[in-house]
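A single chain, nothing else alongside it, follows as structure tokens in the form predicted on its own.
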């Protein structure tokens, strides 16, 4: 009996080796795919108002420097309202998927964006694809879909950044990442951008809806989207994450961005007043280094925009989906489906 089990186990292992070998070989044959995307035709402007709007988006709602800082340690050390040079170099260990690395966004020609065209930067912002047709996976998956107006504002601001020589190491794509890219799991972003609503002097839920569903990317973390299934929504928007992820600093904890709808028991911020919501964001304080929330960047947002987001969230239909404590011991909470 033991002999038969050992033979069966050997056959199974052999089949797995052949299967994995075949997938790797297939991925190598397919190579690094390129994607044909439409020419944006967008160019930087010297309009001071657009540059100022780009600066606000960059350091505030779009939280670009939350990733394009030099390291996680540097990002956590920042103070509320602080702006930093986006010299890049921060990386994320994603196991077999790979290790993305943020780029230097200053105007340095050798190590930054100084040698890149406006069209290249615009394409990466719009589609997550460069002029070479290669997919920038992190930009395609982890950055909000933005309107052409926002792209021009960001591009205009980035072009004003002084050069800062800072070479970052190339990002690494692991075996699973290569397979996912080769077989179409990673694709350019084509999610429609949120309808642009300009800032005003008074809080407006429509402006809050635009930020939360657009440049702020609040919906991306606080909704049950399935990263492994083409970012499909598996439940009610803003009802909390699909499933918890292991903490970046402490492997003994897991993290789940919570339900933001105004449900009386499941909603994480239902009991907060508008002033409490504003004060929490303006503090810029991290409750834990495992928190994925870019608190320091959001502290740069205007009071009016933060109040607008609060009023939008308060107007959402309440969802009873309990996503549990945002940061908790691994396995201590069973996530509901959808």
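Computed from a predicted structure; not experimentally measured. Positions refer to the first chain, counted from 1.
Not on display, but discussed next: the form predicted in complex with a small molecule.
Among heavy atoms of residue 284, none comes within 4.5 Å of the small molecule in the predicted bound form. At a distance threshold of 4.5 angstroms between non-hydrogen atoms, residue 106 is out of contact with the small molecule in the predicted bound form. Looking at residue 204, you'd find every heavy atom of it more than 4.5 angstroms from the small molecule in the predicted bound form. In the predicted bound form, residue 177 stays away from the small molecule, with no heavy atom inside 4.5 Å.
Picking from 111 to 119, 191 to 199, 77 to 85, 177 to 185 the stretch near the small molecule in the predicted bound form, with a 4.5 Å limit on heavy atoms, gives 111 to 119. This chain is displayed alone, yet in the predicted bound form one of 242, 139, 97, 152 has a heavy atom within 4.5 Å of the small molecule; that residue is 139.
Screening 42, 278, 269, 50 for any heavy atom within 4.5 Å of the small molecule in the predicted bound form leaves a single hit, 269.
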